[in-house]
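Let's start with one chain on its own, the form predicted on its own, as structure tokens.
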Amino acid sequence: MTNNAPLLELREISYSYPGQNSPLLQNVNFKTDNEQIGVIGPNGSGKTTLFQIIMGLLQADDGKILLHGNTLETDKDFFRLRCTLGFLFQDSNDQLFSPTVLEDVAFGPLNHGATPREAREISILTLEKLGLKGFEERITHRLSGGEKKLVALATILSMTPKMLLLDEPSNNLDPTTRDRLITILREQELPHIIISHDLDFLASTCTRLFTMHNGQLLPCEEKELHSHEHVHPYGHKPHQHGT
């Protein structure tokens, strides 16, 4: 570990899809430590792709990813990163694959060396903290969309990550579940990076804002993030505000 190095750093990350004439990501430089960051940008601008590169699900064409100042190169290095960063997929169905909620939440601790008894205890405690007590034996694929999102979050929190990467976590949530998710993120007080088109959600969970533009991850103007109240015909239903 390098002294005073940030938790996560990207240096000159570039990526192009096969057959693409111009790069999707071009020389992205970014570092963060104990921060709550929001990322906005148009669909197709590379936000999710950048998360996948960070987690080692895609390989960058050029550049380096550093964890605590150490460059990640091998599969073992990225396994260590996945023990440190918790990644919430945009679609919970891509994250949940076990028959029951308890099995899904326990998978991570078991994979990281916990005994079955320890993994069960960790999972039950994590579910309780997220307001999901009694969900242990629920059939995962029968859960509502909001319930799946919270269970997916439990699967990464059960591994005690040092930072969260959340891809559109508030998408298609009812207002009650959305508010519950905001409360959970505030209570966790973990560093996180959140991709979202929901500016009010970001204002409630983040202190800095970046945007993906022309293949670059750029800080937005130094203006205070704030949520707002509003009245319109769809104000009581799940909806989003444009970026």
Partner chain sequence: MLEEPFSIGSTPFHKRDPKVKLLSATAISLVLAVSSSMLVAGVGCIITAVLLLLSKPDPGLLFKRIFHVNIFTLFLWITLPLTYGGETIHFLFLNPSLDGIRLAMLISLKSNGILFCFIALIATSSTAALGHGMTQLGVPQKLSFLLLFSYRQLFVIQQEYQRLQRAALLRGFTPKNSLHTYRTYSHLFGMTLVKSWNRAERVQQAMVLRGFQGKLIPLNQQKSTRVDYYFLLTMLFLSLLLATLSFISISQYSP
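Residue numbers count along the first chain shown, from 1. If you're wondering where the values come from, they're calculated on a predicted model, not measured in any experiment.
This protein has a second form, the form predicted together with the partner chain, left out of what is shown; the following refers to that one.
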query: Which residue, Gly134, Pro116, Gly145, Gly131, has a heavy atom that falls within 4.5 Å of the partner chain in the model of the complex?
result: Pro116
query: Just one of Asn70, Gln52, Ser45, Thr177 has a heavy atom within 4.5 Å of the partner chain in the model of the complex. Which one?
result: Gln52
task: With heavy atoms only and a cut-off of 4.5 Å, decide whether Arg82 touches the partner chain in the model of the complex.
output: yes
- prompt: Closest heavy atom of Asn172 to the partner chain in the model of the complex, within 4.5 Å or not?
  reply: no
task: Answer yes if any heavy atom of Met159 is within 4.5 Å of a heavy atom of the partner chain in the model of the complex; otherwise answer no.
output: yes
- prompt: Closest heavy atom of Leu57 to the partner chain in the model of the complex, within 4.5 Å or not?
  reply: yes
- prompt: Is any part of 91 to 125 within 4.5 angstroms of the partner chain in the model of the complex by a non-hydrogen atom, and which residues would that be?
  reply: Asp91, Asn93, Asp94, Gln95, Leu96, Phe97, Pro99, Leu102, Glu103, Asp104, Val105, Ala106, Phe107, Gly108, Leu110, Asn111, His112, Pro116, Ala119, Arg120
